[in-house]
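In the form predicted on its own, a lone chain appears below as structure tokens.
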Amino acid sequence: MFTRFNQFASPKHFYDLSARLTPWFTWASILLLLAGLYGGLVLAPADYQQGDSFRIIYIHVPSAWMSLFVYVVMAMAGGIGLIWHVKIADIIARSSASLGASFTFLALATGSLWGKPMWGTWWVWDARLTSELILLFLYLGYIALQSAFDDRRVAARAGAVLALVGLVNIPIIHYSVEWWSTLHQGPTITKFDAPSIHMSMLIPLLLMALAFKSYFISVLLIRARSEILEYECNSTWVEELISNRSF
């Protein structure tokens, strides 16, 4: 098992594996996105209170979920790289940061657009919104740290420490609507008894969530391959790869 893990962690093996997996996740994200958008924008009925304005949920909620998911991936990868010095883990963490920041910004922007007609304001210093904004700053701080050091190994260690410390914000975001009085609505899907959302609205939302996740994996693999080539630019296998493609 340890041998297989070492093989997977090999930059060359991961580069080859990601090249095979990327098209699958790319097509999956496209098909899931089309199905989710059709179900959410065409098939799902209007909400009895919010009307058609609720349909922003199909962008806002998946992006908010992904903002948390990507940060956990980034922190875990950074931790693995920090403890076991696995180069691929550092690459995954570095490649995830800008994607996570994009999802977080999208969640905040769509939440603001949704909040204006529902709450009468673009922004409130709500527990959920404020902790999500802090998450965006954590992503930006990680990206800034990566750019502050010329040595990639030093940058990876500094970023990993920041990401691991920032993990404390993830449960705060998730449980903020339960721990504090907040304008943000409570959980409707992850309730233990039953989701407070009709299946005609829930299924497109889950399809969109899968589409966002497939998109993340696809772009992450592409970015990781680029990072691997930069890390391994002096390796024999990279030189052979470049020479073979030059003909």
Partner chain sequence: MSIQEFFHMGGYAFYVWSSYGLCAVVMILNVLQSVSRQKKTLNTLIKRQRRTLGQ
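All values derive from a computational prediction rather than experimental measurement. Numbering follows the first chain given and starts at 1.
There is another form of this protein, the form predicted together with its partner chain, and it is not shown here; the text below is about that form.
This chain is displayed alone, yet in the model of the complex one of A28, I203, A209, L37 has a heavy atom within 4.5 Å of its partner chain; that residue is L37. Looking at I217, you'd find every heavy atom of it more than 4.5 angstroms from its partner chain in the model of the complex. Contact between W84 and its partner chain in the model of the complex is not found at the 4.5 Å heavy atom cutoff. At the 4.5 Å threshold, heavy atoms of D52 reach its partner chain in the model of the complex. Using a 4.5 Å cutoff between non-hydrogen atoms, E239 counts as a contact of its partner chain in the model of the complex. Counting a residue when any of its non-hydrogen atoms is within 4.5 Å of its partner chain in the model of the complex, there are no hits in 146-167.
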